[in-house]
Every structure is written in structure tokens, then in C-alpha cells.
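What follows is one chain in C-alpha cells, specifically the form predicted alone.
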Amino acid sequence: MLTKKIYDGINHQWIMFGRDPEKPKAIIDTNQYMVRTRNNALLMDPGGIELFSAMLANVVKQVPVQQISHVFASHQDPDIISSLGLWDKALETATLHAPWLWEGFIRHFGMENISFDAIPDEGSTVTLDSVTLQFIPAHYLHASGNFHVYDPAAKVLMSGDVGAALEPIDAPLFVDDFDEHVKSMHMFHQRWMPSNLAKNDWVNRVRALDIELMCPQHGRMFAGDNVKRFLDWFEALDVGTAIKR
């Protein structure tokens, strides 16, 4: 599994995990992210059960397992959080931050030791040492209860399925040719995103943030001007196209 530091600041770092060549071929490729501070770490969308052993092996190379005090699940999908029951055994003590709407579903993956912190619809924050991260509402994109993670100090947005692309694991980590990359994003966003109203609410919310790096759960990351290019493209895109109009 690839491990890549994508932000290195004075007080914290962002680390991306993904592109695992050993994963079963039939499951979708995913990106996992971690914020590491001096004494704590937040593991975001830690992945499916099939990736747990690779994830654990790579995560502990970056941070002692006892330092992982927080876990985040953007929504309830198995590629996001079906590894929860195994993390529940590996972590001495931790809190899972996830949408209140999905608690009864997420607990089916197993959660005896990890405590649950329900994120309200309007969002909330979590502070790791001196670093405060924001849980940004992204409802219906594509789950009815859904959140992203924004780091105002690093100017990084972990955007879940927004910005996702279905690509081979040897694809570049960052979008280089945006117009060409649209071909890999188009179907995913039109089919998995059900609501133009929700999409435009999210775009307006995110335009107000200062973002230098946007990190989706599948495919490449967006840096610099490509963040704005994505927002412009997504705003103009008609989604929910499986319903005949």
C-alpha cells in the first residue's frame, strides 16, 4: 500500500494511504487519510475489512497505534468503515465521529470499545492538541447523512465521494490534465449523486472555504487551481440521471 505525506506543517501532518496492489481485484480502490499531531491522530474513512491488515501495517509505521484517538466515517458505506470491528480491537481507546443518522447502521460493523460521537446535521469540530478540524455537511453526496473534513490551517478538504474517479491503482496521485480527468469522474458523479439541490448547497458552502488541496476517497487529489475547476464543473453537472424526467 502506498503511503504519501500530503501536508507537513509545524503542528500536524496529513498522510494518504491507498493504491494497494494486494487488494482483491473485485473491490473498488479507496484512499484513506490521517491527520497526525504531536500526541493524537485522526484516521478518516479507514476503509473496508479487506484492507484492514494493509492499513494497520502502514498506519503504525507513521504513528503508534495508541496515539490514534479519533476515527471519522463520512457515511455508512462498507468501503468507508466496514473495517470498524477490527479497528475496535486494535485501538486501546478512541472515538468514532460519524453522522448521527447512521449510528444504528454503522454499529453493525462492530463497536464495543470505540465510543460514538454523533455529528449533528449542521456539523461540528474536533480538536487534536492545538489543531481544530471541521466536519462540513455534505448531505446526499451521496449518502443522506454525510460529512467532509476541513482543515483551515492546512487548507485541506477531505471530500469523501465528491471528486471521486474510478481509475486503475497506477493512476497519478494528483490531477494534471483536468479536462482529460473529467472522463473518469463523469459517470460516477451523475449516478452516485442524487440531488442537484444538495450538490449546489455543497458547492456554495465549499466555495467559502480556503482550499489548496481537495482529497476524495477514490482516485486523484486536486491541488491549486484544479480545486476551483472541479467546483465549476460539478456545479454545472446535472446529477441524479438514473431517474427519467
Partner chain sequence: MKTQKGNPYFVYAATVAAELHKATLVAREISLTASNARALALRAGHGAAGFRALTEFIDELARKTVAASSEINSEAIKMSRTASETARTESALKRFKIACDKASEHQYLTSIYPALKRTEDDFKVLQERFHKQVYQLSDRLNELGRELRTATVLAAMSRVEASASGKEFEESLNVIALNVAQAADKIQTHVKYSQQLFGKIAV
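Positions refer to the first chain, counted from 1. The structure displayed is predicted, hence computed values, not measured ones.
Below: the form predicted in complex with its partner chain, not depicted.
- Message: Can you work out which of 92, 122, 170, 129 has a heavy atom no more than 4.5 Å from its partner chain in the predicted bound form?
- Response: Only one option qualifies, and that one is 92.
- Query: Taking its partner chain in the predicted bound form as the reference, which of 86, 156, 164, 143 has a non-hydrogen atom within 4.5 Å?
  - Reply: Looking at the other structure, the residue within range turns out to be 86.
- With the partner left out of view, is residue 209 within 4.5 angstroms of its partner chain in the predicted bound form by any non-hydrogen atom? Judged by the heavy-atom cut-off of 4.5 Å, residue 209 is well away from its partner chain in the predicted bound form.
- Is residue 61 a contact residue for its partner chain in the predicted bound form, using a 4.5 Å heavy atom cut-off? The answer is yes: residue 61 has a heavy atom within 4.5 Å of its partner chain.
- Query: Hey, in the predicted bound form, does residue 197 get a heavy atom within 4.5 angstroms of its partner chain?
  - Reply: Answer no; every heavy atom of residue 197 is more than 4.5 Å from its partner chain in the predicted bound form.
- Message: So, residue 213 and its partner chain: in the predicted bound form, are they within 4.5 Å at any heavy atom pair?
- Response: Close contact is absent here: in the predicted bound form, residue 213 is far from its partner chain, nothing within 4.5 Å, heavy atoms only.
- Message: To test your reading of this chain, name the stretch in 175-183, 216-224, 47-55, 198-206 whose heavy atoms come within 4.5 Å of its partner chain in the predicted bound form.
- Response: Answer to the contact question: 47-55.
- Would you give me the residues of 96-127 that have any heavy atom within 4.5 Å of its partner chain in the predicted bound form, in order from first to last? Stretch hits: a single one, 110.
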